[in-house]
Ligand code: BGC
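Consider the single chain below, provided in structure tokens and representing the form predicted on its own.
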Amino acid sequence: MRRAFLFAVVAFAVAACAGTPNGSRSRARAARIKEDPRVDELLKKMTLEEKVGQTVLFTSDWTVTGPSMRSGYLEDIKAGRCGALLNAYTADFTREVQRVAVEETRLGIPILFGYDVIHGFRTIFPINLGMSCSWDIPAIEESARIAAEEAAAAGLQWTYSPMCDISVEPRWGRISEGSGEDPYLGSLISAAMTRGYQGDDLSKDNTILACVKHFAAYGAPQAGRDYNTVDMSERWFREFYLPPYKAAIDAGALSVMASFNELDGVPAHASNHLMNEILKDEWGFEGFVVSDYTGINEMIMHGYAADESHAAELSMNAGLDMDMMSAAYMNHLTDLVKSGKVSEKTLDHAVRRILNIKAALGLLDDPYKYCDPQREKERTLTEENKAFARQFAAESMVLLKNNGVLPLKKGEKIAVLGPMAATKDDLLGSWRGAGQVEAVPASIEDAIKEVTPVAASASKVVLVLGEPWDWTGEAASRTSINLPVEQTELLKSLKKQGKTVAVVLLNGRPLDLSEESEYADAILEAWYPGTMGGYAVADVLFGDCNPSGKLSVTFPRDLGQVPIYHYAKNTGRPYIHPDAKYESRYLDCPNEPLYAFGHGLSYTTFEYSAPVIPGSTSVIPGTDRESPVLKGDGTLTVKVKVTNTGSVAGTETVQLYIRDLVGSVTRPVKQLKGFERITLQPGECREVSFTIDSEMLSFYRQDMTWGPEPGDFKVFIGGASDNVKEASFRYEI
């Protein structure tokens, strides 16, 4: 059951989809944090060592009996040498650790508790890549709000999310943790998750601090190998990779995590360009920057820092405020300040940012406000949370193919097969927070059995295939994006036996499904759908939920096509003529993807009219034809009629793309600039309008200024990036 909260923000989401800037140079400004006078008072009292302590982040552990502290860490807290902890949760445990920090240290500064709450805390939602395929911005925000409420009730105040990394690299395991390939969609999602975590008041006991990661361009590792080098032009970086980070900052995010990769030859953990020039100076960010796990001392292996002391010096001077697990700041920062290699003013700058966040969270007022065991019991894995998780999981699934097999009929005999059919563990995916397999009520097989007789001899087969959950996520890169060969052979064997086969996929990356698409009668991309995923799959298979998901990332026909994405450029020899040799093409594979960005089928069908652009026109230079015109800072409206031509109600995501035909630098063949989700009854027709303004046409021009250029444009509207109808207009200054 969707909470009433969602309906209050639908109007905002639709407006944002229709006209929000892509995030490269948003009109919004980074959230300003209130300076707390108690922070200055604390800074005056703190020794140099105590200041350094606030920049140190260590971890707790988890044993079979619950959370525990590593040897020596509790003493570090008592001595003021550690100001934050990750992986410590439960209300009782965090209360005791907080008691030590507040009551057994000289200044009584509370600890900040953080955790990887990525796609849910106890109630686990679909993996982030799956979430993004819902294109449902209010629902994504609601999932973060529920996660924040559960996490805050367990003593946490900080999550290392949203992950804002755009990626067109399916070999990279952490593509599962992001929102796909598109900077526009990714920006809306990162802002929504930030709002969901932080709410409208960070001091409330059901909100937590968001952390924008990984800054920056972590999603573009060479060869798809995690932690690897990233290298791209400043123009491409700013236009296609940077916008989602900026959108999260503009939405109010007050912490940022540096990325493991290097960019332009400099490890991000020591990049003055990223952390000072862009984040703090250009964007006005007033929160704090934290390293990734041991990211500071890893610069030694990068070949950028000579030793741990040098690494600490480089990071602090570049604007990195908090050290996660390197211990480089704890071991060396005091001496670096005394020697003058790091100024005390620079250290004070970092400590002030950290303390202001602790104040904003209300920790200086009540350090135990997040440590309430009764609230933890009441707000965790509630029936309402699970009901939302079930609906959201179904919304996130993408029907890739359907030869009339789905939906299944209730009561007919179905065989449920495949290595992923009976698993509950794989439903949760990677980065499952504090989610537990014991809380998963049903596997896919269990859920189907509750609806339909399951018989080995049935002619219809639900075949559940995919990747084991630990094949995706951090340090889970693959050189192949195929299913395990034995899974494909099982599908082929069933088809040879004359079976009708509907494949359900559990996976965390785009896969090469060229063989599976040839043999399967239907393919439902379910991702890793979370705690209620088994039931959600059954809801979709039997038509209780009409699938509405759309791909947020391109599925290639072959790994050799990678990187493949919808906003590619045309080249000087685009592939136009089927028999031409000297055009940009492959000898052994079509250029087109197997399943394009924005693709997703339904149990009904939708028909689009040609787009119409009403209003004034002008003559196209050199022709006698007229074109609609957008002038200066004005607006232009494009309208399309969408009709449900099927027999059941369905939800369609109407997608708007724009192409700038000629620019001072070459432009992509299509760029997503808006979308609207609409639900239509059978036979219902609705007009959908989008408003185009000059900001939607803007880009980094040849001189790296941001803005539009006059000329001719195409606008495309449809149900997928490769299934659109087009119109044209001109922009005049």
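Residue positions are given as counts along the sequence shown, with the first one as 1. Just so we're clear, the structure is a prediction, and the values are computed from it rather than from any experiment.
Only in words, not in the display: the form predicted in complex with the named molecule, which the text now covers.
Put simply, residue 292 is close to the named molecule in the predicted complex: some heavy atom of it is within 4.5 Å. Under a 4.5 angstroms non-hydrogen atom cutoff, the named molecule in the predicted complex lacks residue 364 among its neighbouring residues. Remark: residue 330 does not count among the residues lining the named molecule in the predicted complex, judged by a heavy atom distance of 4.5 Å or less. Heavy atoms of residue 214 reach within 4.5 Å of the named molecule in the predicted complex, making it an interface residue. Taking 257, 520, 357, 399 one by one, only a single residue has any non-hydrogen atom within 4.5 Å of the named molecule in the predicted complex, and it is 257.
Only one of 474, 76, 376, 142 lies close to the named molecule in the predicted complex, with a heavy atom inside 4.5 Å, and it is 474.
Screening 600-608, 257-265, 497-505, 309-317 for residues having heavy atoms within 4.5 Å of the named molecule in the predicted complex returns a single hit, 257-265. If you take 146-176 and check each residue for a heavy atom within 4.5 Å of the named molecule in the predicted complex, you get 160, 174, in sequence order.
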